[in-house]
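Shown next as structure tokens: one chain only, the form predicted on its own.
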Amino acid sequence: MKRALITGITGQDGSYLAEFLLQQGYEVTGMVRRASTENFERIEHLRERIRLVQGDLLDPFSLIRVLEQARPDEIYNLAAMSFVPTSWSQPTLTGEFTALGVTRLLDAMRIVCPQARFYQASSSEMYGKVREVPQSETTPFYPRSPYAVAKVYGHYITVNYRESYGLFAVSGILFNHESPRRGLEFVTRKISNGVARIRLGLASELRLGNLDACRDWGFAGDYVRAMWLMLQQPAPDDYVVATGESHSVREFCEIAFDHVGLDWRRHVISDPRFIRPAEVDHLIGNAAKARARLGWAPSVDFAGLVRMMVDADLERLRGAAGRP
């Protein structure tokens, strides 16, 4: 039985990855930070099948202890300060977790289990003010937020440890991937939750930022499969994971509201408060390498993803209100 360690297991990607690895017959350990309040909602249905250990990306000694306990064959580093707008208000802390945290974990791996395989969650936000469309593994980075800058560091320190110490360390440059488990602060979930609330009479308007921002959106459940495939290859390498389609926030609203029989223009308000200090306007990924070498392809299309998220929020809110 293979053993996997997942940092950030309580997040959207961590929960889908834990499910996937359990289906593959893995023994799964998740690293969690000690907190006065626990937020294990996304993995509650898995609690009896996984082991949770306490560790912190700010504390290198705790990472060594975690690796000694888990004895992993594969390490998936999904933990980060992951909400882009917050990185402007907490830029230093974002750097500590999202940049230096990768170094601390790689160094702990080098000391404790250098034979393990390491996955780093890189991000399409690294492309920022894009140099070419679509973006591939060779497209230069131009990060436009403290979060993206930190992710670029995490990406290149992974390359550096691979080349310096011979570690099997890869980075997945994942474009936006969503699901019903996405946090409510993210625009896609903000839309699906807002649509459900308006449909059920719990709200009348939805305030958003830049409606023209375009992203390459896929389903998180598809993307964790790509993470695993990267660690099954004979040699380590970096891969873009994306659908190859770009859609605007406005399109997301149109499909979401149309799904419940509403006109989005009657309810959506563009609010300047939600505009980023430096916007990333047009992200679209070229995943040809992942398709060719990993045999990976998405199974959920854009419209299907939007409808999936709206339906899940409708069901959740109806259940909370005791409505049929």
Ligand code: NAP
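This one's a predicted model, so the numbers in the text were calculated from it and none came from an experiment. When you see a residue number, it is the position in the sequence shown, counting from 1.
The protein also exists as the form predicted together with the ligand; that form is not presented, and the subsequent description refers to it.
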Is there a heavy atom of S246 lying 4.5 Å or less from a heavy atom of the ligand in the model of the complex? no
N39 within 4.5 Å of the ligand in the model of the complex, heavy atoms: yes
Flag A287 as yes or no: does it have a non-hydrogen atom within 4.5 angstroms of any non-hydrogen atom of the ligand in the model of the complex? no
At the 4.5 Å heavy atom threshold, is R291 in contact with the ligand in the model of the complex? no
Going by heavy atoms within 4.5 Å, which of 196-204, 170-178, 134-142, 106-114 lines up against the ligand in the model of the complex? 170-178
Report the residue, out of I75, M230, A80, A150, that has at least one non-hydrogen atom within 4.5 angstroms of the ligand in the model of the complex. A80
Among S123, S192, T94, T158, which has at least one heavy atom within 4.5 Å of the ligand in the model of the complex? S123
